[in-house]
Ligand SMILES: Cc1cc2nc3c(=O)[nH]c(=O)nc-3n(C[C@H](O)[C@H](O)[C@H](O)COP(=O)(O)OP(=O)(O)OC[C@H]3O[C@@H](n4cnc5c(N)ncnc54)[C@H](O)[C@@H]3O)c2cc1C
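Read the single chain below, which is given as structure tokens and is the form predicted alone.
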């Protein structure tokens, strides 16, 4: 194989949203080479069936009883064997906590480094990473002779189905021994039932300091309800305790890529833009016509949010009637 291998991650029995974003990045690299997808675990039939409908050139089931539950040792060993058998030019991962656990060690087995948290891929290819909370961009090229290992930042690439024929799954059985698995995983982390999953939201209404005080938040909440959207915020709102930290978008919060992102009273500091600029459609409402948020917005409304938001709510409700 001379092409691109993308590793798809299991989340609750389904392929994760981050994995589909990684697949979108892999297709940029594999436009002329073709993309092979791999699913890893003890039982991968359902995951492979889900992947086969997404237009990959090939889908490989990396399956072994010792790959469940997840361990960094098991995944690194199994994927090392797959990569040596396939010899891809590029190996692409979603930049998840699990990948951060095992992928650097996997890359080291090939004498390579992991180019992590990539936000863009240019000609060459050139991989772009952000430094200092998004204040700077750094460009990287792979010049070594072995495979190039890349993980992609959540929200940086749009997860869209590919209009290509389905592939039949293939099987790959790595040679693993229980003595090679040195770690013993504990119980999986379970977040609070009240925690919102902003990364999976298709519509988000986010508020910034333009809201002035916590007592005005219900106005924007009403807009979010009208749009069937999740409510989010910039860091100052969460730092003030007006909304819980789980609703923060930005470099120190969530990175999101919804179909619709409505920024209400958000000026557009770089720390916030890092977390939402991958949104498909950005609508900005700010009374300052020179606010940086308008530089990334698809639609901008320069006006007082306390006049604009009620008008939007009325328009949305009228459209639903």
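Only the largest set of C-alpha atoms that superpose within 1.5 Å between the two forms is called the rigid core. Because the structure is predicted, anything quoted here is derived from the model rather than measured. Numbering follows the first chain given and starts at 1.
The form predicted together with the named molecule is left out here; the points below concern that form.
Heavy atoms of residue 249 reach within 4.5 Å of the named molecule in the predicted complex, making it an interface residue. Proximity of residue 147 to the named molecule in the predicted complex falls outside the 4.5 Å heavy atom cutoff. Shown alone here, residue 36 lies farther than 4.5 Å from the named molecule in the predicted complex, counting heavy atoms only. Within this chain, residue 51 is remote from the site of the named molecule in the predicted complex, having no heavy atom within 4.5 Å. Stretch 268-276 is the contacting one of 22-30, 62-70, 38-46, 268-276, since its residues have non-hydrogen atoms within 4.5 Å of the named molecule in the predicted complex. Residues of 277-303 placing a heavy atom within 4.5 Å of the named molecule in the predicted complex, in sequence order: 285, 286, 287, 288, 291, 303. If you fit the rigid core between the shown form and the other one, you'll see the Cα of residue 294 move by 2 angstroms or more. Once you line up the core between the shown form and the other one, the Cα of residue 248 ends up 2 Å or more from where it was. Fitting the two forms on the rigid core leaves the C-alpha of residue 142 displaced by under 2 angstroms between the shown form and the other one. Compared with the form shown here, the Cα atoms of residue 269 and residue 127 move at least 3 Å closer together in the predicted complex. Relative to what is shown, residue 153 and residue 270 are closer in the predicted complex; their C-alpha atoms differ in spacing by at least 3 Å.
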